[in-house]
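Before any questions on binding or motion, here is one chain by itself as structure tokens, the form predicted on its own.
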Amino acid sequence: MPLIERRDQDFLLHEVFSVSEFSKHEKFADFNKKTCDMIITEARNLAIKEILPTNKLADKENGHPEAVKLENGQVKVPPSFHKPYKLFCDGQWLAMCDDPEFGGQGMPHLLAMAAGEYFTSANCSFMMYPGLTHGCGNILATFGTEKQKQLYVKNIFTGKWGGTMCLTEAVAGSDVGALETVAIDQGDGTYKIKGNKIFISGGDSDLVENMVHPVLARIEGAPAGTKGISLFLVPKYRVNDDGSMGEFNDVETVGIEEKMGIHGNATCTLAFGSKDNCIGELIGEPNKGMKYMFLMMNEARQGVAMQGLGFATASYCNAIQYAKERIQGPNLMKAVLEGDLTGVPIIQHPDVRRMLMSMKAYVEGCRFLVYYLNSCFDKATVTDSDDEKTKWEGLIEILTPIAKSYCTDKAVEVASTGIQVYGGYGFIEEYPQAQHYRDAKITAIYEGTNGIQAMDLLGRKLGMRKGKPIMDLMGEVNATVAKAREAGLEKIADSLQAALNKLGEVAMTLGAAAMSEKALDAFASATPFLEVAGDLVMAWAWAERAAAAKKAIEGAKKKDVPFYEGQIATAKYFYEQLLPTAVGKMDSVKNLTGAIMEIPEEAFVG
């Protein structure tokens, strides 16, 4: 079963983003087109042959509703995870973009994202273990001392040890500054850690020898709020100076949550220092924990965008296969004109085809967004210009909340449509679509809810560096307008230009309101604003895709013509059916309603 349409990946990698061009730079010299294709093929094989078969098993393997177990303080992951985890680590897939010195492959982010899409589409619950492990290793590789790097990073990046991200507490969810975990200075460079963390994905696992926890805590006497938060390195088992594992560090898993989805991943409650014997080391400087943790949080948010894409593309591919095979009802035109009542595949029915078209538009549009975002990392890496580096880093900043929110909201929508294509069978757990829907929902919630991403976009990112990142993004879209015109796609070019101008007006209106007495009204419209910003990015994606397809179709091989025709037709569908709705929504956002904040709380009766 195809997890992803490989032809579409190749189209983006080679015809839109020219990934092999990065091989002209010394850092990526080994990654020519042949190597890139080989890497994607290997990722595909591992995903389909080894990881995908565990997805349904992991939904129930150890007993519903969770596929993980807690026995004597040790989390047991689904048994089926152990073989693919070893293969995944042996293949050095955990740290694809990182320094080979620490167990990485040093490949471009764009290429790693394409490989990662296969793994995540195959089994997101499984991939959360190495995904969070990588984020933990990246924090230490970036902010750790040389000793911390030497003792921990290679063990983490090779998957020998696991990693987490420990922020959330019962009283400190989105309001991280309210945390109660404390760090007590022992006077020898170490701290005693005391507190409880909840909702810790992959908080413990029998896949690895040790767990390494970056833990946010407040040193005694530190300022209140986020300004007084520090970041600590807290392993489950202490690590001796020679790299060997020492004694248990008083980090206990005291519970695992029963969840709506992602049953194969252990969502843990962790108790640090319940026996007063949990020791942590400071990462970086005191009171700068949030700054350091944002490195991992942003990586996680970009990863969650990929998760959303993964759920959406898996549901879409399932729906295509089902619609081509399911025979139900006659072809409408043949039934009316010829009286032919022979059953046909449901893909021939207009409404089913409309659903598939909508799924295709959003899946492939979101793929463009996620791949483009990752290509910005590579462009920032290879440029010799400080201004160019700043530009690409700014685009990463402004696109991260859009990608995280839009791709995950659309994942839920696409997964719901995927159920609808199956009809009643989509509602039956024997078939794959229901699980994708259940699993996808969390992506709109964790790593900062989509509402928080919208507030970040409006409150921080629009005004960042005096508005340069948003202007650079508009510059990228304008460049695509020119490409579309050059390709003879005048209607698309005109519509994209008009939508971009309209979004600019909305951004100006909301930005001004956010700094006035109407600030609450502005933030009440933050989520709709992010949604229309995402719609604009989809329009940009389809203009880019259509222009590239129009250019390629003239000299294309016969077998490639339907693919290119499909790109142009989907762009037409998006611009004729979906973009007008988005433009109308821009008008509603620009109206800046006061009704949301005017209604008295007493009017909400429940």
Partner chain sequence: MEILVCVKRVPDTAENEIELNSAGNDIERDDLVYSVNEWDNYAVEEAIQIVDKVGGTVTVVTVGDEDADEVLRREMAMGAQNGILLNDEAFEDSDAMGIATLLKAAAEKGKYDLIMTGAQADAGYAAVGGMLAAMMDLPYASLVNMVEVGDGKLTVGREIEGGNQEINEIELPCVLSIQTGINEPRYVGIKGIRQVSGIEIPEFDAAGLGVDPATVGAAGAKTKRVDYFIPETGEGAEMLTGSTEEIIAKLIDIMKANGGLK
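Residue numbers count along the first chain shown, from 1. What you see is a predicted model; the values in this text were computed from it and never measured.
There is another form of this protein, the form predicted in complex with its partner chain, and it is not shown here; the text below is about that form.
- Although its partner chain is omitted here, in the model of the complex all of Phe31, Trp93 and Met96 have a heavy atom within 4.5 Å of it.
- Of the stretches 254-262, 448-456, 430-438, 81-89, only 81-89 has residues with a heavy atom within 4.5 Å of its partner chain in the model of the complex.
- In the model of the complex, its partner chain sits beyond 4.5 Å of every heavy atom of Gln577.
- Heavy atoms of Lys550 never reach within 4.5 Å of its partner chain in the model of the complex, leaving it off the interface.
- Taking the partner from elsewhere, Ile39 is found to have a heavy atom lying within 4.5 Å of its partner chain in the model of the complex.
- Residue contact check for Lys56: none of its heavy atoms lie within 4.5 Å of its partner chain in the model of the complex.
- Only one of Lys69, Lys49, Lys60, Lys572 comes within 4.5 Å of its partner chain in the model of the complex through a heavy atom, and that residue is Lys49.
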